[in-house]
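A lone chain, given as structure tokens: the form predicted on its own.
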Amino acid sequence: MLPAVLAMEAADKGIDMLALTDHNSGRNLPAFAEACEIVGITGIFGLEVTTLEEIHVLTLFETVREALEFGQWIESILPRVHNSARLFGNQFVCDLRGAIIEEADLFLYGPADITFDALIDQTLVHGGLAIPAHIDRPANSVTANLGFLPELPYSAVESIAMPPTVETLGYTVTQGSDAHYIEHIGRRRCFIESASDGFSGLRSALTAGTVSYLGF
């Protein structure tokens, strides 16, 4: 999905706040930020990081610069394996108009050299939100790979099913589309209530637990 098309599709579906979280990379975030500004939605900038345990964690930041710096660090601790476009597809970086400006040669889907708990800590230290992804999924989730949800200072947890089918230990639960194709954008979403808008409003809502869902 082109970053601009992602933002336009979300706006058409009535989504007010949208995060782009490519696997282990933030390279497409500048174009995404421009597109969000143009279509009038709030962009949230992040990565979906794979830990040493092969657990997926959403790391979200307020600014493109913060997310890019975090992404550069994550890329620096990935296995030094070249991507096979024939097997895994191209890893294009695009500008606002969809023109390809570079192609990442490093295979971006592998596990970074950082443990699950260390990634949570580092995300928070860098001012981000740390959210274990799709905790109820039978692959690449904390509950599937560790067998339980450790009590750590998460900003929230993300669940596919609502209500969640796994123990959430009282953490705020979010729900997102986890879209890998255009038609998946907005298939799952949640609603936040906060006195402020933008990233600070998101942080406040997750802290206060003022999050609701379609049908709940």
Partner chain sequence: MMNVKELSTKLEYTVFALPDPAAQVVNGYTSDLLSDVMGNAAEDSVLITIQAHRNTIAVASLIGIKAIVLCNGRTPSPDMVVAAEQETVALLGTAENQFTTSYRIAAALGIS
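A quick note: this is a predicted structure, and the numbers were derived from the prediction, not measured. Positions refer to the first chain, counted from 1.
If you look for the form predicted together with the partner chain, you will not find it shown, but the lines that follow are about it.
Check your understanding: Which one of these stretches, 92-100, 109-117, 67-75, 128-136, sits within 4.5 Å of the partner chain in the model of the complex when only heavy atoms are counted?
Key -> Of the stretches listed, the one contacting the partner is 109-117.
Point to revise | Val81, heavy atom within 4.5 angstroms of the partner chain in the model of the complex | key: Yes, contact at 4.5 Å.
Exercise for review: Could you confirm whether Glu53 comes within 4.5 Å of the partner chain in the model of the complex, counting heavy atoms only?
Suggested key: Yes - in the model of the complex, heavy atoms of Glu53 and the partner chain come within 4.5 Å of each other.
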